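There is one chain below, alone, in C-alpha cells, taken in the form predicted alone.
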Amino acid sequence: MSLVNPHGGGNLRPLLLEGDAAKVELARASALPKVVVSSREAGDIIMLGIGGFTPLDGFMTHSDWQGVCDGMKMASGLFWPIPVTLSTNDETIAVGNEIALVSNESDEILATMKVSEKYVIDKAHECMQVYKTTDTEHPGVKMVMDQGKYNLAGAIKVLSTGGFTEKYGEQFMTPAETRAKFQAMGWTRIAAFQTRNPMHRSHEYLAKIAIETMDGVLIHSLLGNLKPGDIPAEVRSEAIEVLTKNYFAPNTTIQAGYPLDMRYAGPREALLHALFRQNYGCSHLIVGRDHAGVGDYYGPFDAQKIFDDIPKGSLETVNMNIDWTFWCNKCGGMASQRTCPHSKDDRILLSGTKVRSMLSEGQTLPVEFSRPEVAAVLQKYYQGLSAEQNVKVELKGHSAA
C-alpha cells in the first residue's frame, strides 16, 4: 500500500521559491507595488508555498469563487470547499500588474503575484454559503466582511514561510516532510487529529481510538491566529508534547503544525481540513463533536454529516467520525455517547469557558478531565497572564496617582 495521492491526483505543487531563484525574485519584488495582506491571507500564501493547498497556483478567480461558494467546486471542476481569495481597497491595482504581497504583521514580502483578474464579490453571499450566517459576531464572517472592496486573482511565487520555520523548528512540517516521515515509519493508514486547543482526556481518547485501527496519528495543530481568549500555539504544543511523552506508546504519534488561521467555518472547514490533510499524506481525518465550530452556529455533528453530502471521490482522505467523548464516573473511564448508558450527571464535562476560568483562578483541573502534566503547563501559562494583568493594574494605579 502507498500514501493517498495529493489532492487533484497529481504531485505536490509547492510554490515556494528557493536558492538563487528566491533571491532574484525578492530583489525584483522590492521595486513592485505593495499590497498588504491580512493574517488569514498570509497563512493561505504560506500554505500555497509549502504545497498544502495543492494543486492551486494562487488566488481564485471570480468564477472559482462563485463555484466554490455555491457548489464547492472550482471552474475546472476541482473540489474545493472554501474560497481562497486575496482582497484590497487599492483602486490603482489593475489587471496585468505585478505586485508584492506584504504581511500586515511583519512587513515582510511573502510573495509576488501577477494580477489576472480584479473583481467585486457579494460578501454576504459568501458568508451565507460558507458560514451559514451573516452575523458579524461570528469570527469567520467578520473576516470576510472586513475584506477589501476588490478581490485579486492570479498565480503567485512564494518567497517566505512567514517566520513559522524559525519559530517552531521541526514542528513546522511541510506536506513533503510529513509524507517522507510516514514512509520512513512504514505508515500508510494515518489519521489526522486537528486541534486548536490543548489535548485533554477526551482528545487523548479520540486519538487512541484512531491508533487502535491506524498505523499512527498525526497530531496537527493550527499555528496561525485564533480568536481572543484561545490558548497560544506554543503553549498548546508544550502541553501536547508532555501528553504524548507520558501517555502514548512510542512511534504511534507525530506532532506537527500548519500555518493557517482558523476560519471557524464548521462543516465546510472540516472538508478543507480533510483536503489539505490529503496533501500531507493522511488517509483519515478524525471528526468529533463541533469540529471547527464556534458558538452555536452549527449542530454538534454537522461537520460529520457534510462528508455524506459531497460527491463520491471528491477526496481520498475520508472522515473518521467519533461521538462525543468524556469521563464517566459509573463506567470508571473514558466513554462516548455510543458506549455509555449513563446520565449526564455521571459525566465530567467542562466548557472551554469553565476551564479557562478555573485555570486563571489557580484551580486544579479534575484528573478525569485533564492529565496533571497538561494541567501544569496550562496553569503556568494562566498564572503568567494573571501576573501580567496585576502589573498592568499596578501601573495604571500609579499613573493615576
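Just count from 1 along the sequence shown to find any residue number. The structure presented is a predicted model; accordingly, all values stated were derived computationally and were not measured.
Absent from the display: the form predicted in complex with another copy of the chain. The rest refers to it.
Checking 106, 89, 76, 213 against another copy of the chain in the model of the complex, a heavy atom within 4.5 Å turns up for just one residue: 213. Though another copy of the chain is absent from this view, in the model of the complex it lies within 4.5 Å of a heavy atom of just one residue from 235, 242, 331, 145, which is 331.
Of the heavy atoms in residue 335, some are within 4.5 Å of another copy of the chain in the model of the complex. The closest heavy atom approach of residue 205 to another copy of the chain in the model of the complex falls within 4.5 Å. In the model of the complex, another copy of the chain stays beyond 4.5 Å of every heavy atom belonging to residue 138.
Under a 4.5 angstroms non-hydrogen atom cutoff, another copy of the chain in the model of the complex has residue 340 among its neighbouring residues.
Residues placing heavy atoms within 4.5 Å of another copy of the chain in the model of the complex fall in a single listed stretch, namely 319 to 327, out of 319 to 327, 121 to 129, 175 to 183, 263 to 271. Interface residues of 226 to 249, taken as those with a heavy atom within 4.5 Å of another copy of the chain in the model of the complex (partner not displayed): 246, 247, 248, 249, in sequence order.
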